[in-house]
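A single chain, nothing else alongside it, follows as structure tokens in the form predicted on its own.
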């Protein structure tokens, strides 16, 4: 069976570890289509946080305590940049991590598309699945906030809002810059067409999954494709499993509940993207019109627990 997963962030990376564990036991093929809306240029280097989180997690190089960046990281370059007063000082690049960014930037500057760069980096990390960026084109999430000087609204890059301000600035709107012209990356449409099932990882629905779906041809292929689409809730008992999804959902006037997120995605039969919605046992009363809902434990305590979630999602989609 061919499983395609739309994912982003730490939650998406951990979910994919469970998908891979399931696939190793069954012989299924897994392709991850990963968010690039977080991508940003820093100190002349192209940073791809979600792609790197997935690659490092599945490749065994992730820092397990932080959930992002490299294990055994050092920060000599960051400290030296700060001594020069080189901005931005609020975004830290670890020494080991910089090597990845250098290779990526050099390849991009040489004309390679991001999808080819990801494939080259994965030759080293061997994630055990196929990783694809949602698009090879520019697609960046920007956040509209009130200007600090009171002059009105301004748009800042998602990384500045998330890392520098810790999402403390009330978000008025999220904009996916470049989405109107972005095309699916090489291999994405083929993967969706060949998929037996598509899963939406329990990633932030506003800034991890929405930027992927903002690529119109990708969304059209998902909605019009042959495979059932099953989402996994990132909200348990009214709280995000991790991160600040509650603040993102508030900005788009969506309740921070499993039902709220399920209704945000909507039924594929009614212009949305879902056929099935997997929620935690505590949210068993969730109702999403036109969508099959099932409830199982969703805490990703280890790969085995996550693999059990994956099996439940496949069953909900009729692919168990």
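Numbering follows the first chain given and starts at 1. Note that the coordinates shown come from a computational prediction; the quantities given were computed from them, not determined experimentally.
One more form of this protein should be noted, the form predicted in complex with a small molecule, which is absent from this view; the next part is about it.
Chemist: Tell me whether 2, 133 and 186, taken together, all sit within 4.5 Å of the small molecule in the predicted bound form, counting heavy atoms only.
Modeler: The answer is no; none of 2, 133 and 186 reaches the small molecule.
Chemist: Using a 4.5 Å heavy atom cut-off, which stretch among 169 to 177, 151 to 159, 231 to 239, 217 to 225 contacts the small molecule in the predicted bound form?
Modeler: Selected range: 151 to 159.
Chemist: Please run the contact check for residue 90 against the small molecule in the predicted bound form: heavy atoms, 4.5 angstroms, yes or no?
Modeler: So residue 90 counts as contacting the small molecule.
Chemist: Against the small molecule in the predicted bound form, would residue 273 count as a contact residue? Criterion: heavy atoms within 4.5 Å.
Modeler: Because no heavy atom of residue 273 falls inside 4.5 Å of the small molecule in the predicted bound form, the answer is no.
Chemist: Considering only heavy atoms, tell me if residue 163 and the small molecule come within 4.5 Å of each other in the predicted bound form.
Modeler: Result yes; residue 163 sits at the interface with the small molecule in the predicted bound form.
Chemist: Is there any non-hydrogen atom of residue 49 lying within 4.5 Å of the small molecule in the predicted bound form?
Modeler: Flag for residue 49 set to yes.
Chemist: Tell me, which of 21, 312, 10, 300 has a heavy atom within 4.5 angstroms of the small molecule in the predicted bound form?
Modeler: Contact check passes for 10.
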